[in-house]
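One chain comes next, on its own, written as structure tokens: the form predicted alone.
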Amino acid sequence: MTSASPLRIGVLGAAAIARNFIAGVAPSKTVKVVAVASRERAKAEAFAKETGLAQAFGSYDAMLADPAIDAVYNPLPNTLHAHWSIRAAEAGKHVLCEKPLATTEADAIAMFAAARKHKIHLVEAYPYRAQPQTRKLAELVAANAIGKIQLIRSSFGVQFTDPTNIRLKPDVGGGALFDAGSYAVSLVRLVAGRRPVRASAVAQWTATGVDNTVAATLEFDGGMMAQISCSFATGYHRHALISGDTGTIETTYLNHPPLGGPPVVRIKRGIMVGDPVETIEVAGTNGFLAEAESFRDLVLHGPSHWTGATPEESVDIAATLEAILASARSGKTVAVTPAP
């Protein structure tokens, strides 16, 4: 690939989210989704026809072997993220992997080790990270706009009730925590700048053993705390409150504004109830489009051009999710493993 050519992406699997990704990226002049692979060729061909892709492959390996594919988008079930991202790295393909990158910290570490070994870029897909709304949040935190961060609260709820939905299947890493909760945890990691040291969580479970609602408290060195909640049993909500010792910031950290609300960040530069709140309006775009174009910039120009989670952040997110789930299952506070 050259600076004048588009990044050619192949999709692993015919997941429902892949349709939205392909549609979102379609307007791009720098990224082109060109192929899909499925374990069933007929399914791949039907998906390609439906989404307007030029090629369909009857196996993941066949697509990975094609030199015309520069990179892959991996929206496979959560438990397959590590295996097929590593296989893609071994084939020399850059990887944009859906969140959560992995269901364990060990898998995340192995994935990045494979990426380094084979000299490809692997990143975790969080469309909200490519949004000006999130970049403004990060800018304010970095500028110490609300002083020393003391408490972060991050929540995300969206209702799913169909038992055939992959998000509700325990054998493929389903559950609210790995889906909506991964967003809440990633927002905390973005603001905190480090992984927590302890997690305490409670959960409500479906009859099949999938976490349907999770609430967790995260403790950090230095005294900062965070609370995250996620649910498949509530109406849609997505909100974060960052509280410092001189003010507060609120954001909805949206994937595709204005879908879900206007892309604004609200900041109170003061500690009193009557202090004024400033609403900062920013641009909004399709998050898949912004993310994919940032991914291409990463491939061409290096990590400083990527707007999403760094490898260190993604490993920390995986470790935090793992500790939260262990705490919810055991009913005990769980130590988060120290950063590698």
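None of these values were measured; they are calculated from a predicted model. Residues carry their position along the shown sequence, with the first being 1.
Same protein, other form: the form predicted in complex with a small molecule, not shown, and the subject of what follows.
> K32, S85 and R87: each with a heavy atom within 4.5 Å of the small molecule in the model of the complex?
Replying inline: Judged in the model of the complex, none of K32, S85 and R87 sits within 4.5 Å of the small molecule.
> How about A23: is it within 4.5 Å of the small molecule in the model of the complex, going by heavy atoms?
Replying inline: Looking in the model of the complex, residue contacts with the small molecule do not include A23, since no heavy atom lies within 4.5 Å.
> With the partner left out of view, is R167 within 4.5 angstroms of the small molecule in the model of the complex by any non-hydrogen atom?
Replying inline: Answer yes; at least one heavy atom of R167 falls within 4.5 Å of the small molecule in the model of the complex.
>> Can you tell me whether G10 touches the small molecule? I mean in the model of the complex, with a 4.5 angstroms heavy atom cut-off.
In response: No, no contact at 4.5 Å.
> Is H305 close enough to touch the small molecule in the model of the complex, meaning at least one heavy atom pair within 4.5 Å?
Replying inline: Output for H305 is no: heavy atoms all beyond 4.5 Å of the small molecule.
> Among 206-214, 132-140, 221-229, 98-106, which stretch has residues with heavy atoms no more than 4.5 Å from the small molecule in the model of the complex?
Replying inline: In short, 98-106.
> So which of P77, G157, G247, G260 reaches within 4.5 angstroms of the small molecule in the model of the complex, heavy atom to heavy atom?
Replying inline: So the residue touching the small molecule in the model of the complex, by this definition, is P77.
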